[in-house]
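We begin with a single chain expressed as structure tokens, specifically the form predicted on its own.
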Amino acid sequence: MEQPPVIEMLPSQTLAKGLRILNAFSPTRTSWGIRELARELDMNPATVARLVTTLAGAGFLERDPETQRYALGPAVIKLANLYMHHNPLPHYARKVFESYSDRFDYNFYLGTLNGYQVVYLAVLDGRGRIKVMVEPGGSTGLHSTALGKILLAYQSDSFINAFINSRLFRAYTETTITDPETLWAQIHEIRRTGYAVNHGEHFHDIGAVAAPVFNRRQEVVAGVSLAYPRNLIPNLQVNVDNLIPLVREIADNISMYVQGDARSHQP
């Protein structure tokens, strides 16, 4: 019997460009003008104008009539609320973080992979004086943060090579890894040890340790990191070494929830 032809579905370039526009918004860039957005994304201004108008008409963006700049619109909140409703993991993770807040004074994060960036799903500011201003939904780099490196290390080699060849593989501080061989060496070490460390590679004064969250198939679906001010922690290396078992314990607790067996580890 003759088999029907296989039809390969090609991605919509127009939709992809619209999603790039939405992803350009962040806690540090809450609004854009058409021309600066076009420059940022290396897109034609006329194309950006058409897409932005369409997104605004659907409620995903809104225009300030005085400045003519665009910000995220109410439709984004609807989708975010739907996501939180069907995925209770961020709420559970925050409860876990709160249960450990007496053992770590600074910032707790849960994040997952979105393209070549980390998206934060849950955040808890500790009791310490220094805060790292990151909100759920914010994003950051893969190679410059502990959370990013833990997620990157468990991707395929082809994914990692594609990221290295992207424009996002760049320096944020003088200690950011920008050499592919050095990054690969760290990835192999992360795969061997099961944790990642950031030594001021995204923000000079901020360090972090991270561990993976696994599902039942032992796939990494998220990561947990503990971030701290490097200049306020005495005996930095000793204290970082002490944080590794803690971040692993927290990640294991959340992994048990993901795998459907959190009964013995209720926060």
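Note that the structure is predicted; figures quoted are calculated from it, not measured. Residue indices: 1-based, along the sequence shown. Rigid core (definition): largest C-alpha set, two forms, superposition within 1.5 Å.
Omitted here: the form predicted together with the DNA. The next part is about that form.
Remark: Arg29 does not count among the residues lining the DNA in the predicted bound form, judged by a heavy atom distance of 4.5 Å or less. In the predicted bound form, the DNA lies farther than 4.5 Å from every heavy atom of Arg230. Proximity of Ile34 to the DNA in the predicted bound form falls within the 4.5 Å heavy atom cutoff. Interface residue remark: Arg50 is counted as part of the site for the DNA in the predicted bound form, having a heavy atom within 4.5 Å.
Each of Thr14, Arg63 and Gln68 is positioned with at least one heavy atom within 4.5 Å of the DNA in the predicted bound form. Superposed on the core, the two forms barely differ at Leu226: its CA moves less than 2 Å between this form and the one not shown.
With the core held fixed, Arg248 shows a CA shift below 2 Å between this form and the one not shown. Comparing the forms between this form and the one not shown, the C-alpha position of Arg39 differs by 2 angstroms or more, with the core used for superposition.
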